[in-house]
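Below sits a lone chain in structure tokens, taken as the form predicted on its own.
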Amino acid sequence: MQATETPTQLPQVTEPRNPGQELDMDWVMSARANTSAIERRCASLPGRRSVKKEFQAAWLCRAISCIDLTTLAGDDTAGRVARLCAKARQPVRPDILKPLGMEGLTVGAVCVYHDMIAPARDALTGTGIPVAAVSTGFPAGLSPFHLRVAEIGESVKVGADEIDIVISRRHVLTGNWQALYDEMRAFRTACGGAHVKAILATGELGSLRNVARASLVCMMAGADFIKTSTGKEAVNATLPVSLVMIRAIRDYHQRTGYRVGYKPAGGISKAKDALVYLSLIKEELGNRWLQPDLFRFGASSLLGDIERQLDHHVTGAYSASWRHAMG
């Protein structure tokens, strides 16, 4: 069944969806990345921007609302996904949330493989939490093109609200921007009403300049989000890569008026790291991007550490990590 372009049902969406535009090669080739300046900016951020006490607790609750709670293991079962979805519905123990006034807090979405979409939807019925599915030959993206497009259609048909696709890295490494644009445009069309996150696999793109150009091309082709990594590469989300992608998003918004979301994924497992990413988003893009329709963490273990930090804020003592399990 071919997907049709229908309005998304995601409850947190308040922005007009990025329709994309024609490929603008002048814009793409003008993109640059001053690596040394980017690294200096990112190195200074953790020391300059820290929040404490009730402000830190509030920021950590915001981080939870922006998590794509994820399981992408070969031994996933319907039972494991159901337990993960229970954690998505109640990400922090009620005795911690009540003193904070944050009852009803949930994560941003649950992300699974195609075969786990139906169990996830069943477990999340009535919650409003979207189900995201990885697709297009995740994580390598090297299966035949028609199968990658068909995979998107199958996931949309069984109820995925969001599709996380992987681009062909070779198009970036060889500078074939037209091929990348055409591929991304086909994926966007196949998604229909489901929102599409374009995974750039930045650790395999060779340079920050390539990251900047790939970000622009994917947005021009209609990506709703751009995402750093599959989580399976040797190098995943980093602050320099994030800064480059965030500034590409800012440039795209300034020129077109459309806001595109950002998702760092892989390697973000500590609450203090989440705070740094949130402060980077706030400084570079502003408060509007600190909402789950425009920002997500691709993570699972991150939630456990955030819950532990919130427990410390409420009780004044650190609990053992096993008391904050995922399921």
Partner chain sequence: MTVKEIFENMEYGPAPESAAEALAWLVDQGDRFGHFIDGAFTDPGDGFDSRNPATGEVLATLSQARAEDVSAAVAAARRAQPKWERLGGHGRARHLYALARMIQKHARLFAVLETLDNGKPIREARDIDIPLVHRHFYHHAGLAQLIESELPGMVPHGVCGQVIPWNFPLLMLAWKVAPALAAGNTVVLKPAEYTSLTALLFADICRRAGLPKGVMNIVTGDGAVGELLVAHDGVDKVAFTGSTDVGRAIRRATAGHGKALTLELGGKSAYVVFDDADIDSAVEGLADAIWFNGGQVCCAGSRLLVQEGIAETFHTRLRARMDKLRIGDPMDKCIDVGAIVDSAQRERVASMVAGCTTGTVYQPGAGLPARGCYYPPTLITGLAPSDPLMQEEIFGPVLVSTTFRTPAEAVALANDTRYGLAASVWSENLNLALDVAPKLAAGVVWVNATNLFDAAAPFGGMRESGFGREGGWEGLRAYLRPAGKTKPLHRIVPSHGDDSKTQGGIDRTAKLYIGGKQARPDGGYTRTVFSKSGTALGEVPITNRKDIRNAVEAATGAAGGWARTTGHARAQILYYMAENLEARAAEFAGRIDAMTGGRKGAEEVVASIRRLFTYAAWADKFDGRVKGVPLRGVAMAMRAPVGVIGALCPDEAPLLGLVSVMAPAMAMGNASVLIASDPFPLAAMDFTQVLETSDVPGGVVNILSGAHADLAPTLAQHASVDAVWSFSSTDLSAQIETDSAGTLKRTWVNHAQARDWSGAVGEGHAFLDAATEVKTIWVPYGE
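Numbering follows the first chain given and starts at 1. For clarity, every value in this text was computed on a predicted model and none was experimentally measured.
Just so you know, the form predicted together with its partner chain exists too; it's not on screen, but the next bit is about it.
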Could you tell me which one of Leu239, Leu100, Leu124, Ala186 places a heavy atom within 4.5 Å of its partner chain in the predicted bound form? Leu100
Each of Ile38, Arg41 and Glu283 within 4.5 Å of its partner chain in the predicted bound form, by any heavy atom, yes or no? yes
Can you tell me whether Ser50 touches its partner chain? I mean in the predicted bound form, with a 4.5 angstroms heavy atom cut-off. yes
Give a yes or no for Arg259: in the predicted bound form, does one of its heavy atoms lie within 4.5 Å of a heavy atom belonging to its partner chain? no
Should Arg247 be classed as touching its partner chain in the predicted bound form when contacts are defined as heavy atoms within 4.5 Å? yes
Is the gap between Ser300 and its partner chain in the predicted bound form 4.5 Å or less for some heavy atom pair? no
Hey, of 87 to 95, 115 to 123, 132 to 140, 206 to 214, which bit sits against its partner chain in the predicted bound form at 4.5 Å between non-hydrogen atoms? 206 to 214
Going by its partner chain in the predicted bound form, which residues of 262 to 278 come within 4.5 Å of it through any heavy atom? Leu278
